[in-house]
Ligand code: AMP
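Next up: a single chain in structure tokens, the form predicted on its own.
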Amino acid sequence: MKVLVIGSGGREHALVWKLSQSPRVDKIYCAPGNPGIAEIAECLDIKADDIESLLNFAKYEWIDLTIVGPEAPLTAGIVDAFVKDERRIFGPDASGARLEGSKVFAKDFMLKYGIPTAEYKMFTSYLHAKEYIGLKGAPVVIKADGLAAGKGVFVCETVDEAIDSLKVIMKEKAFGSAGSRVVVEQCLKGEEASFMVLTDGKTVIPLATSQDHKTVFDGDRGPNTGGMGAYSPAPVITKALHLTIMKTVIDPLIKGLAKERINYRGVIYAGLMICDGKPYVLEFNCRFGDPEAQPVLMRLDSDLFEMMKATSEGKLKDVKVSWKDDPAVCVVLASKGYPGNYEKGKVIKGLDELRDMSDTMIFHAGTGIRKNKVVTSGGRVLGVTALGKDISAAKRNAYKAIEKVHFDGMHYRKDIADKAIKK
């Protein structure tokens, strides 16, 4: 079987790595890929949002399954284009991807189908939003409606912070048209967790639980990022809470999608806040989390290709999924200045020393090649991911590997998985 993976980040490297272990997969292409992916797949000079070129490649190379990693091509309708041409593809169509592509759509959907979430109001006017914040007070959460690479959410402890965030989104247009509408939301206090499921629209298979670290600095301080690290499983999600999440979040979501005649086949990611033992949805994503995919896929003991193929064909009921007992921890190595402006082209040293480490993988995220050397090319550069007999051991293994890696300005959090260890 031939597989095409779309994307170039750490999530896509983890997907390609896991797919390469399937006995049914003969050849993997990745568009555009990265230097880490290039070691196990053939990378293509096609951008992830170039839907026409990707479809043409899939047709002419007789690709058996295309897998979409990032959200942008999904919201742009890549699945619709492939399905129209009768090409097999993993991921939701554009109508389903609106769960991530529009915060307003997602919040309205949750309200309609009784899915627990924070109180909110939507605004298209800066002045009206500012006035509402003044009346509502703080703390409050400000969200750009559209896609913003995980950076369009501002948790504001004061009214002044909230108004400044509103200016960044609506006045300064930091996220372009994604900020033409904003959601002003009640600030929920609790512990976050990531809950991902596979679904073909009928059958639902929960994936291993995980927890992301959104903010850039230790102690959950600083601005939000795309994710600075993650671990799996998440102890905060007990067996009882797992059942509650399925009953109050996932089941009504799947039923609601069916009622809206949305044929959803792919991953649904629910970003949750656990408040007093109850789950509330912060956001839905229409793809694997990044970096959550890295530790989750490290723990997967089943054939990922079979899982994805069955999902795309509406045959998920025939699939059984198993997991390694060992937890996994992923620590993101970022460029200095991320999530703001950062420099590129810094030579990455030490990667060769990590090639043969057992139970540890270095997933490339923002890397490139210059003069035959691997260099930084993004804000999040590498995801160092390790298994261990328990969370503490997995964390030690990840940070031990990090000691061997270096690039100028390298920054990473030192407290990934501490919440799980303290439980």
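If you're wondering where the values come from, they're calculated on a predicted model, not measured in any experiment. Residues carry their position along the shown sequence, with the first being 1.
Another form exists, predicted in complex with adenosine monophosphate (AMP); not displayed. Remarks below refer to it.
Stretch 186-194 is the contacting one of 312-320, 258-266, 186-194, 161-169, since its residues have non-hydrogen atoms within 4.5 Å of adenosine monophosphate (AMP) in the predicted bound form.
Site annotation in the predicted bound form: the residue of Val204, Leu282, Leu351, Ala81 reaching within 4.5 Å of adenosine monophosphate (AMP) with a heavy atom is Leu282. With the partner omitted from this view, the residue of Ile254, Val236, Leu300, Val153 that lies near adenosine monophosphate (AMP) in the predicted bound form is Val153 [heavy atom within 4.5 Å].
Highlighted residues Lys2, Asn56 and Leu65: none comes within 4.5 Å of adenosine monophosphate (AMP) in the predicted bound form, counting any heavy atom. For Asn224, a non-hydrogen atom is located within 4.5 Å of adenosine monophosphate (AMP) in the predicted bound form, even though that partner is not displayed.
Contact between Lys214 and adenosine monophosphate (AMP) in the predicted bound form is found at the 4.5 Å heavy atom cutoff.
Ala118 belongs to the set of residues with a heavy atom inside 4.5 Å of adenosine monophosphate (AMP) in the predicted bound form. In the predicted bound form, none of the heavy atoms of Met122 sits within 4.5 Å of a heavy atom of adenosine monophosphate (AMP). Contacts to adenosine monophosphate (AMP) in the predicted bound form (heavy atom within 4.5 Å) from stretch 121-149: Val141, Lys143.
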